[in-house]
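There is one chain below, alone, in structure tokens, taken in the form predicted alone.
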Amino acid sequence: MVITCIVAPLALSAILGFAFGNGGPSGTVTIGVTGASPALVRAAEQATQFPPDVAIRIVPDAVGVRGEVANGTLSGGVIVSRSHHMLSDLLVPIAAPGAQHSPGFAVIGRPDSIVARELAESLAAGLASRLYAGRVTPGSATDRAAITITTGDLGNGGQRVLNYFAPSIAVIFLFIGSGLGMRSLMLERSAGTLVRMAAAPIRPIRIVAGKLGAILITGLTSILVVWGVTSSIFGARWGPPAGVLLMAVGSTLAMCGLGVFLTSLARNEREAFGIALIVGLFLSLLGGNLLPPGSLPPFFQTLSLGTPNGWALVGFGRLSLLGDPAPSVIGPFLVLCLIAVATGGMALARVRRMVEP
């Protein structure tokens, strides 16, 4: 209980916080650009509204950009292809994990600097907006002065990565924790503890309710610990507390209900461990805990809504990434409750048969 509720969530929070909680690279971040005129680059800088510690430098050619990024002289780079200066091709790049960039730009980044790559993508978006604005009729609703892009609204670098992955990893940890709790029931059965309890004047449903209650309390405590540590120490923003509590309860009920039901299908502890491992990895990939659903093909994005962790991330995403109020997660919460009732009911029936003499 101590390991599951306190030690493991603290270790998980520390890993997420130290990995994504920093504010980004220290010192000046230099982004190189080639294929664009100095006037266009200045207009893009104005559009993106870079902070003072970001410097833009024009490089003669694409080879120079790639070389200087590779040797560390540049933190990132943008290559503008002159052959794609058509209005239909110059769509603003979406700076999100797995997003497809505009065909008119190539964004070069270093694997050790997420923030620098996001800044380069922001510069590419600014260049696209300026090129697009140059082809609009002056004085219209989409005039040059009205087309601006703020870097704070682009990408998921640094703190925004922590805001996403803190609840994301905590949710999948619920499934693992529920599997461990169910395995303990199997160990008690093999050790003869359940036989002694069944011989006592205790109804089997009370034994099952006690075990399931302990699993739910353990899971809810673990996600609350991750929430508290990542918010207070590393500055993660989960959203309004009322909405976070609502989603924490719904996620715990749904993930623990599914975890207990699937683990109850096993005949021994080894099979239970295998089921928890395989299904947990499958849910993590499909639901978006390890790979954001936006980076998957549309078909798999739809399938992610067939998983409880997928709906949990919908709710947490509305709170932390979109900044929506607490009532916005009532829909995902109700879906999680329906999943909890269905899987929990089946789990209750199976676990009760395991306890009955």
Partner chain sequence: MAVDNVSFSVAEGECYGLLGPNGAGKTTTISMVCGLLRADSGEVTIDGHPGGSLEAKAAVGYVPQDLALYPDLSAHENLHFFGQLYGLRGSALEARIEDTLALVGLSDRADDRIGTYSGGMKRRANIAAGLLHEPRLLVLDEPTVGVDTQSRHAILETVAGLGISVLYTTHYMEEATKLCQRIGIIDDGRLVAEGTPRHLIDEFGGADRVRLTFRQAETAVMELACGQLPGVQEVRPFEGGLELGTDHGAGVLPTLVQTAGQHGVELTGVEVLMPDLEGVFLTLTGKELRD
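Residue numbers count along the first chain shown, from 1. These numbers were taken from a predicted model, which means no experiment stands behind them.
One more form of this protein should be noted, the form predicted together with the partner chain, which is absent from this view; the next part is about it.
Heavy atoms within 4.5 Å of the partner chain in the predicted complex: which of the stretches 121-129, 171-179, 199-207, 222-230 has them?
Among the listed stretches, the partner-contacting one is 199-207.
At the 4.5 Å heavy atom threshold, is Thr73 in contact with the partner chain in the predicted complex?
Although the partner chain is absent here, Thr73 would stay clear of it in the predicted complex, with no heavy atoms inside 4.5 Å.
In the predicted complex, does Glu269 come within 4.5 Å of the partner chain, counting heavy atoms only?
No - in the predicted complex, heavy atoms of Glu269 and the partner chain never come within 4.5 Å of each other.
Evaluate Val195 for contact with the partner chain in the predicted complex, applying a 4.5 angstroms cut-off between non-hydrogen atoms, and reply yes or no.
Judged by the heavy-atom cut-off of 4.5 Å, Val195 is in contact with the partner chain in the predicted complex.
So, in the predicted complex, is Ile278 in contact with the partner chain at a 4.5 angstroms heavy atom limit?
Ile278: no contact with the partner chain in the predicted complex.
From the list Leu265, Ala214, Ala191, Ala242, which entry has a heavy atom within 4.5 Å of the partner chain in the predicted complex?
Exactly one residue meets the criterion: Ala191.
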